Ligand SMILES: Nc1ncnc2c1ncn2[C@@H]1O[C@H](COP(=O)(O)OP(=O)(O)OP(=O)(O)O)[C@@H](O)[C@H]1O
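Just the one chain here, the form predicted on its own, laid out as structure tokens.
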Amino acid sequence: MGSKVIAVVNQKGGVGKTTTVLNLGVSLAYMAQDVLVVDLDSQANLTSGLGFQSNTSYDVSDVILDPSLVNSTLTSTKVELVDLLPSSNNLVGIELLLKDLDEREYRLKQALHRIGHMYKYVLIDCPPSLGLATINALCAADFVMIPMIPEYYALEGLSMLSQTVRRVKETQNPGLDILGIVFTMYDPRLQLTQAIVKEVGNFFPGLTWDTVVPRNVRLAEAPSFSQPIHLYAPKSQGTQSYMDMGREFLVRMGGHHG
């Protein structure tokens, strides 16, 4: 039985993708699940957020060019049961390097296939674009998870993103499904927040999660200390939200295990 692969995608930057991959991954590990987090963003914020400099011998760009390097690239982290596939700014030119390769949309899938037996869940932190790196994630994934801030412009991006997911599902990865939309930087006092949440719920019935991640100073600070929120501020509301998200994740995944 291989792992379940979840691509955490939004072509907008600054919506909490990296924070979600990191802290959801740690929550799942706290619930005794083996987790691999994959940093597919050239800014390497997930890599540094786990305390690694992006100068490890291999990184995810090497793996995409040569999937057989995946075992040598896996890095264990300070959180038990969480491993990392690190990134670096080598990823910047990856689209050009991939352009002429065979199976260029499936390189990450081939790599993850080699190590699928080692993990229960693989969470992929995608770059803020719908380029070839993100397409690699969507082709490798069983599910898409979309973090979004409940603001007006987010809705426009959401329809574009769901079109991309649908296109990949139709042409490259028939098993791909949306696992859900998670609201981040959530401020319940804003009327707009409620309106957007309602509208997204109408567009995607059943897909908006109950767990929301509030605007939280501790969550914003944690990455600069190279720590997941659980280690940086265990009693914070941010930690509580991501533990709730972990529980909801397991329930929703359970519903998909037919």
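A residue's number is simply how far along the shown sequence it sits, counting from 1. Everything numeric in this text was worked out from a predicted model, so none of it was measured.
Below: the form predicted together with this ligand, not depicted.
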Self-check item: Contact residue in the predicted complex, from S61, S27, N216, T211 (heavy atom within 4.5 Å of this ligand)
Solution: N216
Exercise. Could you work out which of L65, A220, A233, M31 is the residue within 4.5 angstroms of this ligand in the predicted complex, going by heavy atoms?
Key: A220
Quiz prompt | Per-stretch contact check against this ligand in the predicted complex, the hit in 40 to 48, 192 to 200, 225 to 233, 65 to 73 (non-hydrogen atom, 4.5 angstroms) | solution = 40 to 48
Self-check item: Residue contact check: T239 to this ligand in the predicted complex, 4.5 Å heavy atom
Solution: no
Quiz item: Is P128 close enough to touch this ligand in the predicted complex, meaning at least one heavy atom pair within 4.5 Å?
Solution: yes
Quiz item: Are any of the heavy atoms in G246 no more than 4.5 Å from a heavy atom of this ligand in the predicted complex?
Solution: no
Quiz item: Would M185 show up as a contact with this ligand in the predicted complex if we use heavy atoms at 4.5 Å?
Solution: yes
